[in-house]
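Next up is one chain by itself, shown in structure tokens, the form predicted alone.
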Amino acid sequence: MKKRVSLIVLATTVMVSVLSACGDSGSSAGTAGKGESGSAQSKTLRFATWDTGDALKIEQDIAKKFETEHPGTKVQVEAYADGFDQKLAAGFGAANPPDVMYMWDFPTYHQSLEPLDSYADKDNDLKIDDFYKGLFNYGKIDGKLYGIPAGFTTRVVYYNKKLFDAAGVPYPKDGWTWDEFQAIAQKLSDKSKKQYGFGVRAENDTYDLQGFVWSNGSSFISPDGKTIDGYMNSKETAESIQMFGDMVKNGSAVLTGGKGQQSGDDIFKAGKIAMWESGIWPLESFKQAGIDVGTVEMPAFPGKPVKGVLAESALSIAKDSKQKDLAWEFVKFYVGGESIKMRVADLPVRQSVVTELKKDQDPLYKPFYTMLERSSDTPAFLLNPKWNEVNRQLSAAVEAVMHGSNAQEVLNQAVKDSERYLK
């Protein structure tokens, strides 16, 4: 699953030039529908993923299982890694995309994708009612469905039980507040030990910050996607972001992940920060590092409901695919119960799998599903196709706050610098 959201729109000429540098992408076009042997009775289905390492190995195993159940079909897993967006855009630009691909950036790519409503509505084998309904909101543009949910994560607060115990501080519980969070961070900070209550990212992904802003009753953009003044620079938005900058100033938090700085995951594993906010991705590494870790849902602002933000991966089919029915069969197989249980880098999207694995009863996983119920707001990048341009100004403003600037002032300036993109 992609951890960061960056909207990259490449010109067609760039797409074509990148394609030529993408290794065997061109040669695979000639084999699509014929397989490696060139036999008309065999087919090669191309599947593009951003994953690497263990996650990629699992996807390759899923592909092999699909081949076993579909004799004569070869699934060519194409691992694009960090170059995913560039290589995918190149394939679309040259009318040579993979048949099936991981997808998150629907505003950029939806015109190159096959609408999946008719497939999903007519195919009872998909068991669409078994999916968590809110996940489909992230794969729709103008009311049309372009992606089937494959995995997701919400965001929670991780905490190091050993550090809490050493300080005699009770573990946080669902329903806590940001005031309680900040008080705990103060108690768990000890500069003489270079230990801090919380880790603040020096370079934040503004996508992830939306959960905090929504929880404080605001948003980066209006619901109709047309206005940022009074939203991106509202008092509530500024308060949400200023809180983290203030924690760095008062020493209850430390900046992580900037130039010359360790990542928050690594500092948490080293036992130097007591609390860390993230998705599901680092949980296994925390366990392997021997951290006695707990998870808890996000804190609340006074008198306001907690809101969450999803990071979701979906599977899409290229509009230019010459074998859409086979591609749909692979999508359906990939989001089936057996395949979902094989993949551990994200959270199961099917209620039946969650129930079978008792994920919703496991104290470490339960907060993620609690936050899913709270993740109904629509992210800014789905509301305006020019959000990428606006986000550059917003990202710079947020980074400035983490390094000591006043949130209200820099957000006001970011709005002024960004409004021209919305006209």
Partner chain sequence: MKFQWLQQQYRRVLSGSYRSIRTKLLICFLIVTLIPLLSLGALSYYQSAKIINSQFGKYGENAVAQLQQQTGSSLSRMKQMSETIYSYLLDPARTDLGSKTPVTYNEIIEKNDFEALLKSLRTDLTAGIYILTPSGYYYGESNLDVGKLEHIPAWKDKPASYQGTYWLGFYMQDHAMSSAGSVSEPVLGLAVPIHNPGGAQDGSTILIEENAQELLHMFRLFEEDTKAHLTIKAPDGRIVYKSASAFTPKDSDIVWDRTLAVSQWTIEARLPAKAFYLSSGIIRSNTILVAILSCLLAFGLAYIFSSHFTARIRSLKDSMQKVSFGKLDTRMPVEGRDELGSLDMSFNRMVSGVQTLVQEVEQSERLKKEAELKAFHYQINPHLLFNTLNSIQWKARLQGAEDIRQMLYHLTMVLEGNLDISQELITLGRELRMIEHFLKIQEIRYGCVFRYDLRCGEELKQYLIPRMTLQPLFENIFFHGFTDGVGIIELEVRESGEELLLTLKDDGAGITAEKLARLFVPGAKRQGRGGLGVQNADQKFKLHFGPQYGLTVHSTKGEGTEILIRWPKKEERSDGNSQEN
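Numbering follows the first chain given and starts at 1. Quick caveat: nothing in here was measured; it's all calculated off a predicted structure.
The next section is about a form of this same protein that is not shown, the form predicted together with the partner chain.
The contact with the partner chain in the predicted bound form, taken as any heavy atom within 4.5 Å, belongs to 259 out of 173, 259, 122, 193. Contact with the partner chain in the predicted bound form, defined as a heavy atom within 4.5 Å, holds for exactly one of 397, 45, 380, 371, namely 397. Although the partner is absent here, residue 239 sits far enough away that none of its heavy atoms falls within 4.5 Å of the partner chain in the predicted bound form. Taking the partner from the other structure, the partner chain in the predicted bound form has no heavy atom within 4.5 Å of any heavy atom of residue 64. Contact check for residue 346: no non-hydrogen atom falls within 4.5 Å of the partner chain in the predicted bound form. Contact between residue 49 and the partner chain in the predicted bound form is not found at the 4.5 Å heavy atom cutoff. For a residue to qualify, one of its non-hydrogen atoms must sit within 4.5 Å of the partner chain in the predicted bound form; all three of 392, 405 and 410 qualify. Only one segment in the set 260-268, 158-166, 246-254, 274-282 has residues whose heavy atoms sit within 4.5 Å of the partner chain in the predicted bound form; it is 260-268.
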